[in-house]
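Here we start with a single chain on its own, the form predicted alone, put down as structure tokens.
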């Protein structure tokens, strides 16, 4: 791809699926939120954390806010960047349930939620997402899936079951740097392909993929 992948703030975007200058243009226009969110974004870039970035964070916020979401489930907390965007989209009295497999990372996210002023809206659960989700009761208005990619197929059915009709299932990294469309046979690529194909064929859902950053799947539940 042409361009060097540099960001306006001197950082770098991850390898993308569209031309670097398009990534940079969209990223440069993206709403980065307040100082607390900017600080977490910089922390993510400096530490090499897999955060979604401002353009995708804004998209998550817009989608959840448009639903007037009261219950949001996030699979894959990381340092709390996407979770902060989602928590701020909740209606009054709403809750974000976010699942992180690593206890130390969850503790770091907790601190960031406190700094962002959303900690009262957030419940962090520590453990494997495919196990924890089976103990959670729906319905959720909005579910964001961003766990380890090999685990995507295992959480698809539990996510759909716990999503309300009219709710959204949003999934990150579904184009995997374009590998899903190539003859790449890694475990992660195979898992994402399986996830995408099952979701596309599920009669309960209408799904599409937005070529933002590494590919964002947006699926609406239309029936049980």
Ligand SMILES: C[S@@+](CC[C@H](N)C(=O)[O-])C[C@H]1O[C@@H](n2cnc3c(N)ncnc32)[C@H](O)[C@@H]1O
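Residue numbers count along the first chain shown, from 1. This one's a predicted model, so the numbers in the text were calculated from it and none came from an experiment.
The following text describes the form predicted together with the ligand, which does not appear among the structures shown.
For the candidate set 138, 76, 153, 94, a heavy atom within 4.5 Å of the ligand in the predicted complex is found for exactly one residue, namely 76. A residue is said to contact a partner when one of its heavy atoms sits within 4.5 Å of a partner heavy atom; residue 81 meets this definition for the ligand in the predicted complex. For the chain shown alone, residue 50 is a contact residue for the ligand in the predicted complex, at least one non-hydrogen atom being within 4.5 angstroms. Contact annotation: residue 117 falls outside 4.5 Å of the ligand in the predicted complex, judged by heavy atom distances.
For residue 101, a non-hydrogen atom is located within 4.5 Å of the ligand in the predicted complex, even though that partner is not displayed. Taking a 4.5 Å heavy atom cutoff to the ligand in the predicted complex, the contacting residues in 114 to 130 are 127, 128, 129.
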